[in-house]
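Just one chain follows, in the form predicted on its own, and it is written as structure tokens.
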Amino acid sequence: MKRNLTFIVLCKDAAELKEMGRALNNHAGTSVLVMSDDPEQVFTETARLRPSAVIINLVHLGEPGLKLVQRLCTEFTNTAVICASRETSPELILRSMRAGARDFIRLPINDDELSTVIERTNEFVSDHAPDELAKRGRAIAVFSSKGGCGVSLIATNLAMLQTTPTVLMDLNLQSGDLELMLGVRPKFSLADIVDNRDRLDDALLTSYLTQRSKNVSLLAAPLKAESAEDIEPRHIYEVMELLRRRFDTLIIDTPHSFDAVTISALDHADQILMVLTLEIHAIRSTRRALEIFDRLGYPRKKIRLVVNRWSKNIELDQKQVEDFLGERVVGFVQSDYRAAVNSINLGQPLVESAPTSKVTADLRNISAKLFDGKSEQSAAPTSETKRSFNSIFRRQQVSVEDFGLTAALDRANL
């Protein structure tokens, strides 16, 4: 069975450490939790995070490196220990295996060889996973690099459409307002889980969530703005893992920035639902975000594009927008300002306040594509409402070619 594999990497050389992290992140289903040049930190983090595997670059470590391999293998029998080195003498490989290493990676990394190692690691983890960790829920981050695209509304309604235990996590640490959309008053928040993470059990974890319905709970943003300052990227991963072991689905409402906390959530999400609207600034911002995702090593199949507030009065051709972005759109949510505002004012998601509306139908369609494994053909506007690619770019005297130049300038300034 394929699993999401988590890695900790130890390497004394900064360039090689970066190379190893990038190579691992380029593989779907793998996440790098910690990259360090400190053996003791690696041991401590392995004890705390219990990753699928630890990769130890033996260069500059010598005999202490092999002793660390032996120590890790003895203490953490459910974690695969993998050695790596530019020196690939039979003697070194044999010594690493005698110390307990499950595999050996030759540097610089060969992608085919790494794929084989990852496959063997997956087999090891499947054979050694404790029963309580066999279940791991799915995590979807809803994101837009431009504010005002409706990320919170879509995240909230996707959560409410789930029929199995689901947590909606508000990662807008300074300005979260999902409780308003759900009509609840949280007593606890993400900050409480972070503060008490060392003693959390299922009962305590559940007590920090705000129940909204039979299947949906909210993990609210910090109730006090100053509490957000103590939340670090590593905390986000830990909380996500705790929730995924307890719930079938985790949906994360993310901020619009590429700060360290947001990137931590995006790193460890199974999918990123990228929300945009069909106006120039949002389209350009989306393209820049996709370029950043490429730099971060996210495979494109991890990204799903959704257009919000679509209207037949927007005269944009879907194919040319997709060509410009280099990615297909998997769904459209029609514009209904009155229904959206009414939903927020009532504290009721659209699926409750307007269950028969076209907007709700669109959201159900997107949910089916994301969670039910249905065909991902784009929910494009019909031919009766679809118009030629004339107005918005020409009205503002901007062409696709102009966009290419703008994007190039944007990349230079990132």
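Residues carry their position along the shown sequence, with the first being 1. Bear in mind the structure is a predicted one, so any value in this text is a computation, not a measurement.
FYI, the form predicted together with a small molecule isn't displayed, but the following is about it.
Trainee: Taking L161, R185 and I251 together, does each of them reach the small molecule in the predicted bound form with some heavy atom inside 4.5 Å?
Mentor: Answer is no for this spot.
Trainee: So which stretch, 105-113, 202-210, 226-234, 303-311, is the one near the small molecule in the predicted bound form (non-hydrogen atoms, 4.5 Å)?
Mentor: Contact criterion met by 303-311 only.
Trainee: Counting non-hydrogen atoms within 4.5 angstroms of the small molecule in the predicted bound form, say which of T262, S85, S335, S217 makes the cut.
Mentor: Only one option qualifies, and that one is S335.
Trainee: Exactly one of Q318, S285, S152, T121 has a non-hydrogen atom within 4.5 Å of the small molecule in the predicted bound form; which residue is it?
Mentor: None of the others qualify; the residue that does is S152.
Trainee: Indicate whether the small molecule has at least one heavy atom within 4.5 Å of a heavy atom of H256 in the predicted bound form.
Mentor: Output for H256 is yes: heavy atoms within 4.5 Å of the small molecule.
Trainee: Spell out, yes or no, whether the shortest heavy atom distance between L94 and the small molecule in the predicted bound form is within 4.5 Å.
Mentor: No.
Trainee: Although the small molecule is absent from this view, report whether A80 comes within 4.5 Å of it in the predicted bound form, heavy atoms only.
Mentor: A80 lies outside the contact set for the small molecule.
Trainee: If you check in the predicted bound form, is M181 within 4.5 Å of the small molecule, heavy atoms only?
Mentor: Answer yes; at least one heavy atom of M181 falls within 4.5 Å of the small molecule in the predicted bound form.
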